[in-house]
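Just one chain is shown here, as structure tokens, and it is the form predicted alone.
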């Protein structure tokens, strides 16, 4: 098996596991379909923006939940934004934590919010590492002259 075929196989196995384990949903597939020769870096750009936004939102959430008087509407607004950006790239497990997080905001439940913040951070870091590995494999395939397999 040549190097490109081996990288393509690794890519398919890794991507398939991300779907099977619930890290990604069909929205990520839809993103991949939007990438073409006119915009070959589309997925990388969108995912990079997700990473940047997520870091800011997680920091904003941590700060908001450390205040003497917590503004749960502000916390909920940050969680809502995080849920939306997670949904837009198909980060299913992050999105699912945000759904629970928003319920705790509605209840003004600080302990629940703090637990969800930690879960959101953990899920975000997991999906970030897994997406970075997937995008790295994609780059290796392209640099070796191959084409990136479409996951359906």
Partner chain sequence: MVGGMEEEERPHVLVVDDSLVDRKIMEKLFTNSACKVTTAENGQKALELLGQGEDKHTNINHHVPKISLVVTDYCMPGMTGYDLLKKVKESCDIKEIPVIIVSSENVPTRIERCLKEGAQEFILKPLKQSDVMKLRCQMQFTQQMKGRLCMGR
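Numbering follows the first chain given and starts at 1. Quick caveat: nothing in here was measured; it's all calculated off a predicted structure.
Form predicted in complex with its partner chain: not shown, discussed below.
Applying a 4.5 Å heavy atom distance criterion, does residue 39 contact its partner chain in the predicted complex?
-> Heavy-atom contact with its partner chain at 4.5 Å: present for residue 39.
Taking 4.5 angstroms as the cut-off for heavy atoms, does residue 45 touch its partner chain in the predicted complex?
-> Yes, residue 45 sits close enough to its partner chain in the predicted complex that at least one of its heavy atoms falls within 4.5 Å.
Mark residue 124 yes when one of its heavy atoms lies within 4.5 Å of a heavy atom of its partner chain in the predicted complex, and no otherwise.
-> No, residue 124 stays farther than 4.5 Å from its partner chain in the predicted complex.
Would you please decide whether residue 104 lies within 4.5 angstroms of its partner chain in the predicted complex, comparing each non-hydrogen atom pair?
-> Looking in the predicted complex, residue contacts with its partner chain do not include residue 104, since no heavy atom lies within 4.5 Å.
Can we say 7, 136 and 140 each have a non-hydrogen atom within 4.5 Å of its partner chain in the predicted complex?
-> No, because 7, 136 and 140 lack any heavy atom that approaches its partner chain to within 4.5 Å in the predicted complex.
Which pick from 89, 61, 97, 113 sits with a heavy atom within 4.5 Å of its partner chain in the predicted complex?
-> After the contact test, the surviving option is 89.
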